[in-house]
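The data below hold one chain only, encoded as structure tokens and taken in the form predicted on its own.
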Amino acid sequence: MKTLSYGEITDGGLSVFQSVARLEDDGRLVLTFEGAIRIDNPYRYLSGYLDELARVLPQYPINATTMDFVKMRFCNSNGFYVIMDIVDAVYNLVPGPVVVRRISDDDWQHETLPILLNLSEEHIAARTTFDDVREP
């Protein structure tokens, strides 16, 4: 396993959101999202992470992706755009199937993630499956 990039939002000195992109030994990209985005300008914290993803993802032979939202509790409307940009980077730069892990009984994740993933685009929907898991 190799960590490719890390993004974090802090509020009052405390970490409130993290995203980590790592490459597993089997060639699978695992992108985790943890915490909550409640601030007005998440790009202030995550623009470097987006730039780093765009730079490093094409350098590796990635054959599949898992996006794990199980530990993401909330995202305000300002955060939607940064999550959409992270997701777009993966879909545009990484080939292969995408598995999206989400909490099976979380209304926010079931209603919002398909929008943030842009599943209305047929080529994205064709690559995407969901893994619904019980809350940890």
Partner chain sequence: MKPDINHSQTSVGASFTISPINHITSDVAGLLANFLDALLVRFYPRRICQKVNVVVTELVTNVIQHASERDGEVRLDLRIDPSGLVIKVANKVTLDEYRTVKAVFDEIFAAEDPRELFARTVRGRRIDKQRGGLGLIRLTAENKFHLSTQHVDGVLVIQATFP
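Positions refer to the first chain, counted from 1. Please read all numbers here as calculations on a predicted model, not as lab measurements.
The protein also exists as the form predicted in complex with its partner chain; that form is not presented, and the subsequent description refers to it.
- Just one of Leu93, Val56, Val99, Met84 comes within 4.5 Å of its partner chain in the predicted complex, counting any heavy atom, and that one is Met84.
- At a distance threshold of 4.5 angstroms between non-hydrogen atoms, Cys75 is in contact with its partner chain in the predicted complex.
- Taking the partner from elsewhere, Asp51 is found to have every heavy atom lying beyond 4.5 Å of its partner chain in the predicted complex.
- Contact between Asp26 and its partner chain in the predicted complex is not found at the 4.5 Å heavy atom cutoff.
- Its partner chain is not drawn, but in the predicted complex it has a heavy atom within 4.5 Å of Thr112.
- Taking a 4.5 Å heavy atom cutoff to its partner chain in the predicted complex, the contacting residues in 40 to 72 are Asp40, Asn41, Tyr43.
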